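Form predicted alone, single chain, as structure tokens, below.
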């Protein structure tokens, strides 16, 4: 039973990564109808900018973290204004190909700068390790899971209660009607993309604080899980992304612990396929999806 509980604790940390990346993707695609395949790469960009500012330029951890998050937001803004906005959001395949190209560009650009190496990441803060009833966890894991819950729940409530969140839901419901009542739809979409990018940047730094390493192509594996979590949750459901992301992390942790790492992706994604066979709209799609 102790091993089972330990695997669940480790799985919460893994699932937090999926949640932090997926809720931004869900906000942009599910709520705003914009498909941004390059979203997971913003997580990687934030960490490498953090390394450059904190280590190479010697500005310290705090300024490095701020620069990393700001860089993710800036790249997200550039991506929106220079790529996403120029493509009709109803042309999903065109949006997919364009943002996929941006993803490859970002990955290979960063890879050239670091000579395709996996880089060590300095911790954002000193992490203590605890041993309670033979269960092991760290301060970094606590901060990661706690921050994930705060961001996911806060974003969900913000979409429901704030004026800007309500405007996003209105734009998602019907863009043309929103424009007829003088809603600046372009500005609202830009806010959604930038906010999602900032969340991805925060997630990247929090996860790197626990793994203490990053490579330029880390988004490749993360993107697959991002799509899977978003679809199974019901695209557009921030609450669903939180539940499904954490659940997937725990399933993968249990799989690695009991069956080996070679079954990690097979069982995790297999469970999601079974869910979609029963509920094609996703677990939370019918109740929470906007639009």
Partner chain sequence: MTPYVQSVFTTALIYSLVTMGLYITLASGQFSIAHGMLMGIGGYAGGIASVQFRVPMILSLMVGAFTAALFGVVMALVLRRTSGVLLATVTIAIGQGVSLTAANLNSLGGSQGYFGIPLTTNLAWASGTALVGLVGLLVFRKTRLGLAMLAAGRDETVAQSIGISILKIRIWGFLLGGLLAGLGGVLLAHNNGLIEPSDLSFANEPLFFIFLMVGGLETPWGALFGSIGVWWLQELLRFGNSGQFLIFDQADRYWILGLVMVITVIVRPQGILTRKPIVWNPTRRSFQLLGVLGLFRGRRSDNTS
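Here the rigid core means the biggest group of C-alpha atoms that line up within 1.5 Å when the two forms are laid on top of each other. Note that this is a predicted model, so its numbers are computed, not measured. Numbering follows the first chain given and starts at 1.
Quick note: we don't show the form predicted together with its partner chain, though the next part is all about it.
- Think of it this way: in the model of the complex, its partner chain has a heavy atom of just one of 142, 191, 87, 149 within 4.5 Å, and the residue is 87.
- Exactly one listed residue, out of 109, 120, 153, 180, brings a non-hydrogen atom to within 4.5 Å of its partner chain in the model of the complex: 109.
- When contacts are judged by a 4.5 Å heavy atom cut-off, residue 251 does not count as touching its partner chain in the model of the complex.
- Using a 4.5 angstroms limit between non-hydrogen atoms, residue 59 is distant from its partner chain in the model of the complex.
- Although the partner is absent here, residue 265 is a contact residue: one of its heavy atoms lies within 4.5 angstroms of its partner chain in the model of the complex.
- Its partner chain in the model of the complex comes within 4.5 Å of a heavy atom belonging to residue 93.
- Note that among 47-55, 230-238, 62-70, 243-251, the stretch whose heavy atoms approach its partner chain to within 4.5 Å in the model of the complex is 230-238.
- Although its partner chain is omitted here, in the model of the complex all of 29, 102 and 272 have a heavy atom within 4.5 Å of it.
- Taking its partner chain as it sits in the model of the complex, the stretch 209-233 comes within 4.5 angstroms of it through a non-hydrogen atom at 220, 221, 224, 227, 231.
- Core-superposed comparison between the shown form and the other one: CA of residue 17 displaced by less than 2 Å.
- Residue 179: CA moves 2 Å or more between the shown form and the other one after rigid-core fitting.
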